[in-house]
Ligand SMILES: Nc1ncnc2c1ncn2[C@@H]1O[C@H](COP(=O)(O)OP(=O)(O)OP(=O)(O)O)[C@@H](O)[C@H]1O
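One chain comes next, on its own, written out as structure tokens in the form predicted alone.
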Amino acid sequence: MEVTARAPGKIILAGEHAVVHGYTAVASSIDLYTVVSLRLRSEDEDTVKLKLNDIGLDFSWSVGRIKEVLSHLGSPFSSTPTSCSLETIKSLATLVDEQSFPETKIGLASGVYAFLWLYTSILGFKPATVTVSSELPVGAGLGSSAAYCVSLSAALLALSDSVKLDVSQKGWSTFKETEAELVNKWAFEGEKIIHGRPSGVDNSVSTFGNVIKFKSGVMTRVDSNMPLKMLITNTKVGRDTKALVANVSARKSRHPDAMCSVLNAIEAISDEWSTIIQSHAVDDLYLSANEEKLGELMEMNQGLLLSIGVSHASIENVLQTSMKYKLASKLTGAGGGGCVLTLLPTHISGEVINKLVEELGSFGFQCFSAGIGGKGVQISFDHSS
């Protein structure tokens, strides 16, 4: 039997950077997914294989070698999400170093550490093949690592003793609330291996879907009632998130009163975003009016983000291009490159979208059309495998 899990990426609709200083941010799932397929192998095959399709990397370890290096874990303990110790990280590094890992992709090694930790912690030392594919670009601020950890945790838990799923059900199905919480907690442990001190927002959005408000470590789930669609433009410009956050903090220390006003304004935008998307559209006119309000909020948010120093020439190119088509845009995530959101109103024609995508493509940018606020992690079973 093969189990497949898929988990969505995420975008920040409003409040990036302000959230670091204790203000509200609003994040949403998008219908672009990371998919993990897991097939247990017969005991005599004695290997655990990891295939990362999108980056062309394959890994294989003998179960005996994994047991030898990680024997101190005493796993599995699937019902008790546990943090990976520094001692275990060193053991995981030994297993990864034994593989032929290309130097140009060494930055992805932490994702393999996370795989080995989650796999052995949840399933123990069973031979299997795990295949990962994704629609999400890596390092673009769309929650690719969280979607990876969530879908991986979901697939592993589906074959553990900690969740009870109807394996006869056809198509995609969701976890019960308590089981989704378990998926989320394990995914967070994977995120900690990859990022050190993640906020937990990305994995929560990927697990539960829809929209989440986040303030001072407290997450509140928001039910969106608007069928919104965004054009996500990946500028492909890398950025140093830590440096951008540090620069905003430095500006806040130099101009405390002005920055306090800016951050308060950003929080007001976040609060209004969550209020609007929870309202039920009584007719097309009402929906169009709400889309116009959201577009204005995006423009104001972008102006404020520009004022705190996190925009970039590539982002401004997207803004100016979308403005030609009277469409509102803002950066999402850390800024300094990365991705830009453009709101696609329900009345916009496919022809206009195609022209915009073509023009943005001329800059070397990559565009994705995505619905926001959809379902979180889902699971399916294939008995023919």
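Note that the coordinates shown come from a computational prediction; the quantities given were computed from them, not determined experimentally. When you see a residue number, it is the position in the sequence shown, counting from 1. Take the two forms, superpose them, and find the largest set of C-alpha atoms that agree within 1.5 Å; that set is the rigid core.
Although not depicted, the form predicted in complex with the named molecule is the subject of the following passage.
Quiz prompt | Result of superposing the named molecule in the predicted bound form onto shown chain, 2.4 Å backbone or C-beta criterion | solution = After C-alpha superposition the pocket is open.
Quiz item: Would the named molecule in the predicted bound form be within 4.5 angstroms of a non-hydrogen atom of every residue among Gly111, Gly143 and Asp202?
Solution: All three within 4.5 Å in the predicted bound form.
Exercise. Report the residue, out of Lys126, His195, Lys215, Arg251, that has at least one non-hydrogen atom within 4.5 angstroms of the named molecule in the predicted bound form.
Key: Filtering the options by heavy-atom distance leaves His195.
Quiz item: Of Glu45, Asp31, Glu316, Asp54, which residue is found within 4.5 angstroms of the named molecule in the predicted bound form when only non-hydrogen atoms are counted?
Solution: Looking at Glu45, Asp31, Glu316, Asp54 one by one, just Asp54 meets the 4.5 Å heavy-atom criterion.
Quiz item: Any chance Val138 has a heavy atom within 4.5 Å of the named molecule in the predicted bound form?
Solution: So Val138 counts as contacting the named molecule.
Quiz item: Does Val132 make contact with the named molecule in the predicted bound form, using a 4.5 Å heavy atom cut-off?
Solution: So Val132 counts as contacting the named molecule.
Practice problem: Look up in the predicted bound form whether Leu360 has a non-hydrogen atom within 4.5 angstroms of the named molecule, and give yes or no. | Solution: Taking the distances in the predicted bound form, the answer for Leu360 is no, it never comes within 4.5 Å of the named molecule.
Quiz item: Does Gly333 make contact with the named molecule in the predicted bound form, using a 4.5 Å heavy atom cut-off?
Solution: So Gly333 counts as contacting the named molecule.
Quiz item: Which single stretch, out of 258 to 266, 215 to 223, 239 to 247, 179 to 187, brings residue heavy atoms within 4.5 Å of the named molecule in the predicted bound form?
Solution: Looking at the other structure, the answer is 239 to 247.
Exercise. Determine whether the C-alpha of Val310 shifts by 2 Å or more between the shown form and the other one once the rigid core is superposed.
Key: Val310: C-alpha displaced by 2 Å or more between the shown form and the other one.
Quiz prompt | Post core alignment: Val36 C-alpha displaced by 2 Å or more between the shown form and the other one | solution = Stays below the 2 Å threshold, so no.
Quiz item: Can we say the CA of Leu331 moves by at least 2 Å between the shown form and the other one when the core is superposed?
Solution: Comparing the forms between the shown form and the other one, which are aligned on their rigid core, Leu331 does shift its C-alpha by 2 Å or more.
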